[in-house]
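The chain below stands alone, shown as structure tokens; this is the form predicted on its own.
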Amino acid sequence: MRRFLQRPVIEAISAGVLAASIAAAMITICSERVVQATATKARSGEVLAYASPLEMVFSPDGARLYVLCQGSDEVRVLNGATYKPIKKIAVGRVPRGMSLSSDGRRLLVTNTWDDTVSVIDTRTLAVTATWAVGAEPSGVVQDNAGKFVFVANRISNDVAVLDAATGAEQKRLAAGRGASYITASPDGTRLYVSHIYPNPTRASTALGNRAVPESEITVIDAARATIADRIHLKDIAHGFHIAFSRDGRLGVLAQLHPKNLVPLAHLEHSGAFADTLMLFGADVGNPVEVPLDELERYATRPFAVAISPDKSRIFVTCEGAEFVTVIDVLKLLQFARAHPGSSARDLSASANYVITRVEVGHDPRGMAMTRDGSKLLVANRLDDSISVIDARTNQVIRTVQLESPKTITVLRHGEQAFYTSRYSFQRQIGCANCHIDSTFDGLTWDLEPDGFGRDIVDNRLLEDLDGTEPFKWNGGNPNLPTECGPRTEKYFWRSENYDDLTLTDLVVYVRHLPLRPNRWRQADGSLTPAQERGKVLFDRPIDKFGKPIAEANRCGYCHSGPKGTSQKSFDVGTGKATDNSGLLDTPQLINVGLTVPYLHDGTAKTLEEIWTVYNPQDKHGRTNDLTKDELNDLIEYLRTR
């Protein structure tokens, strides 16, 4: 097994006091003071800009390799044979998706924090246009006819259809929740969209509000720009890249199959997640789910898929496990045809078709295969490197180091700890399994060893956590060192606990996670009339009948302060018989519009349900005197928080 990481040379993010603080952290146990100081410096911008390569694509003639570098907000152009740098092209903030037009003359890049697409002329290697799109654009594809550009918007849950010549938006197509990656079929007639969050579920289970997660592949008719089909994916919450064989008969989706309806005590039996592929297309008929995991080794978080030109092998990057899984396609199809449906829980299945695991760098993500299929390139996001694999021998023959800082900071080491699965039993999971892309997963979990089906917890957003302690819905964890350390060590990290320095680095990284732009706020900071009316309701001291509202029953009492939490616990009438405490920690309101579902155990599927269904006695704020329009105003204001 590849060695995880040399203990990094911890470089102070800046000189002086910070360096002294970090040095102090090396001899203390997760010093809160050090964590705070480092996070403060990080927020001030005094951080090293790593390249963080995420996606790659070859030019049609193979002469150039385009590398999307999310950390440095640029596309790097390399020689396609020697991998020597040619040029760096600055794009927007936090780029995520990239694709070439079919003629190779235009490179499109989505910028998630700017809600834009950068259009790059590949002859001049210059950005020629920047187009506005929806909230948090991710995947992007241009149709073969050159008529439309399609952009998957992760937050607005849709696909924007743009005029390919002008960038003017023509319409939006409703996709699933967290629309993220788009792949065109080989003939270009269909587009396939995957999603990183589960759709709202309809079927309840015996566990009451909890339901089996479902996702979908949204299929788009490229010529008409209309929805052609929706391939429903039961038990799937997180879909990533899709690939097709050149004959178009086999489609493959990399995905996560969470087992969140059972306590994680089942970790030792069948895993908290199954890392699987969904096969679809003419080769298999109805979709078939096949596992990548082995009995004693998991393929944590499959992300990108590539199929060799001769359709003999499938390659899958497994970002948490830090290897590439190589699959024999003939044996895979034989297994899939003999086992229709899902074999996700059969950990012996992969022995039928997995050829080998090729170890690469930290957090392997996007792949690019040479047109002749002889080489496979893998972007190691947290190493700033590219592994070059001989696709015939399945050996890494070269590692290309991108230009980037030479040292590993506290933040970078903490990020590596966050994404790797090396600390968990059989390398099953890492922090990023539930906190997809360092955020949340839209699921509820039974996390703690406090009884089967008890203390169900709704996964919260991790961004901008300073000043929101304590953590967990019952406030049981007073700070991040406890949340990330002893709490997880006793359950998730049973094979190897964090050493003190790694725990400190991890906490610094989590505390540093920046707050993404709030799409409900106006650019000048002002509120819309509806938001203004909602703010008045949020702060009101009397109800509509002129009666005083007790201070403890006003919205702004519990949800006080800039982040919307008093950091105290209350009984708001939504406790359950399965809870071990009647008091609920007040959650922060940061970007609350994103984090469906709501309440401590995910009971409410929308913000509206918190008050229209689950507040009959006005214990969760005085709201039953409000009209529907007034409640809508209140919600409009909450979404700006």
Partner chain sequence: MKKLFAIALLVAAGSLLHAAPPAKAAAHPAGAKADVSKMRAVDAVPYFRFENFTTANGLPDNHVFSVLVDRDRVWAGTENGLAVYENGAWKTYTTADGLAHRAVLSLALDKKTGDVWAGTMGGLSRVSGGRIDSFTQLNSGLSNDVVYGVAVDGESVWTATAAGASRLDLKTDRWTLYNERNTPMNEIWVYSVSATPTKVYLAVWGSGLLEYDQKTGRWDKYDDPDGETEMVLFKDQGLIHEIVTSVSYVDNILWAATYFGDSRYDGRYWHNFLTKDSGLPSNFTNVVKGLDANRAWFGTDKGLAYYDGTNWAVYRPSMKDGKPEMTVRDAQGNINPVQVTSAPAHNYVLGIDFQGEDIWVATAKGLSHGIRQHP
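Numbering follows the first chain given and starts at 1. Note that the coordinates shown come from a computational prediction; the quantities given were computed from them, not determined experimentally.
Keep in mind that the form predicted together with the partner chain is not shown, yet the notes after this line are about it.
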Problem set entry | K171, R230 and D629 all contacting the partner chain in the model of the complex, non-hydrogen atom within 4.5 Å | yes
Problem set entry | Listed range touching the partner chain, judged in the model of the complex by heavy atoms within 4.5 Å, from 588 to 596, 609 to 617, 62 to 70, 568 to 576 | 609 to 617
For this session: Would you check, heavy atoms only and a 4.5 Å threshold, whether R371 touches the partner chain in the model of the complex?
Result: no
For this session: State yes or no: in the model of the complex, is some non-hydrogen atom of G442 no more than 4.5 angstroms from a non-hydrogen atom of the partner chain?
Result: no
For this session: Give a yes/no on whether A225 approaches the partner chain to within 4.5 Å in the model of the complex, heavy atoms considered.
Result: yes
For this session: May I ask you to state whether S118 is within 4.5 Å of the partner chain in the model of the complex, using heavy atom distances?
Result: no
For this session: Would you mind picking the one in G485, G361, G430, G176 that has a heavy atom within 4.5 Å of the partner chain in the model of the complex?
Result: G176
For this session: Tell me, out of E216, D383, D458, D235, which residue has a non-hydrogen atom within 4.5 angstroms of the partner chain in the model of the complex.
Result: E216
